[in-house]
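First, one chain by itself: the form predicted on its own, in structure tokens.
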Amino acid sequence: MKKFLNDPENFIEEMLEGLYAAHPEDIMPAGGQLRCLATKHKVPGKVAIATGGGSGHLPLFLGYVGKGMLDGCSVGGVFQSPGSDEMLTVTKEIDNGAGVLYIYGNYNGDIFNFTMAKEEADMDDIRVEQTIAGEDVASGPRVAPGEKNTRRGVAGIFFVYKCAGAAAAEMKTLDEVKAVADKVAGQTATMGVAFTPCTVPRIGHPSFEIGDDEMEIGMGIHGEQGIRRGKLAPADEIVSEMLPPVLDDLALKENDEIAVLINGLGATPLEEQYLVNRKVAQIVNERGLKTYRTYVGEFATSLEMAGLSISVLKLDDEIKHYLDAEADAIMFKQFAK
């Protein structure tokens, strides 16, 4: 294990100390707790948005705290859910009097702890609603509204943050912001592929084993089992296997507009990500779809895992409006289109 480390037990706290030192004008530790990150730019009467999850995925989750996106984030250990007490501390700090929306990934620990924090916030007269993002097509079928979604939440949650944050910035009500978040979550689909494992600092060895000449299609961002493992293939072949199930899942028709997210998992160079986007664009064009926006880079990583994911968001005029809005988060910036 070659990492910039001191004591692995202090990895999260020391990382957070560096983060606060880098962004002193924008974020602060709520209640003096390093793992409870909150914006310094509060807006009275605005719906606040909170997220949270395990470390190891930067810029997910805390990197999206900032103007036009999120207001707070509770930080867990590497690949571990934060506790309900930390979530509640963030909730109390960011509440502007208009309620708080929780947006987080579809993982049992997060669901349990966020729900507990919601119940505790309700007792403090802070209304909280929740949107649970789960769009990984490799981990379960698409389900009807109201049915249990078994899909993992992965990089596509970025789209939910972006659009819900823009709606909140326009001073929409809590119900309206949640409706936007739910809509975007329901119109997003993702597929990933992994080439190598990663090493959690406290464990000190790779999280799984995979051959130097192998890849795993559909693997999750914590190393969860994918659809199949096989020999490494040329980039165009990999994309041709990954992308069609994503497009088919969204039931896209000719002339539909989409946003595309090419997401590196931590150790995939941008050159390779853009090479992948070349084939994505070819397939999209062959299907008669229209790409409105393309995002390429690291949006939801898995420490130093090599691999990437492809997310697609089905657009309409409302979602395009929110996608185009200005954002100024600590790890994501966008000028209004």
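This is a predicted model, so every value here is computed, not measured. Just count from 1 along the sequence shown to find any residue number.
Separately, the form predicted in complex with a further copy of the same chain exists; it is not shown, and the next lines address it.
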query	finding
Candidate stretches 147-155, 167-175, 95-103, 206-214 - the one whose heavy atoms come within 4.5 Å of a further copy of the same chain in the predicted complex	206-214
Proximity to a further copy of the same chain in the predicted complex, single hit among V43, L275, M28, I283 (heavy atom within 4.5 Å)	L275
Output flag, G53, M87 and Q225 jointly within 4.5 Å of a further copy of the same chain in the predicted complex, heavy atom basis	no
In the predicted complex, R287 touching a further copy of the same chain (heavy atom, 4.5 Å)	no
Interface membership of T268, a further copy of the same chain in the predicted complex, 4.5 Å heavy atom rule	yes
4.5 angstroms heavy atom contact with a further copy of the same chain in the predicted complex for P234	yes
Interface membership of C36, a further copy of the same chain in the predicted complex, 4.5 Å heavy atom rule	no
Contacts with a further copy of the same chain in the predicted complex - residues in 294-313 whose heavy atoms fall within 4.5 Å	T294, Y295, V296, E298, F299, L303, E304, G307, L308
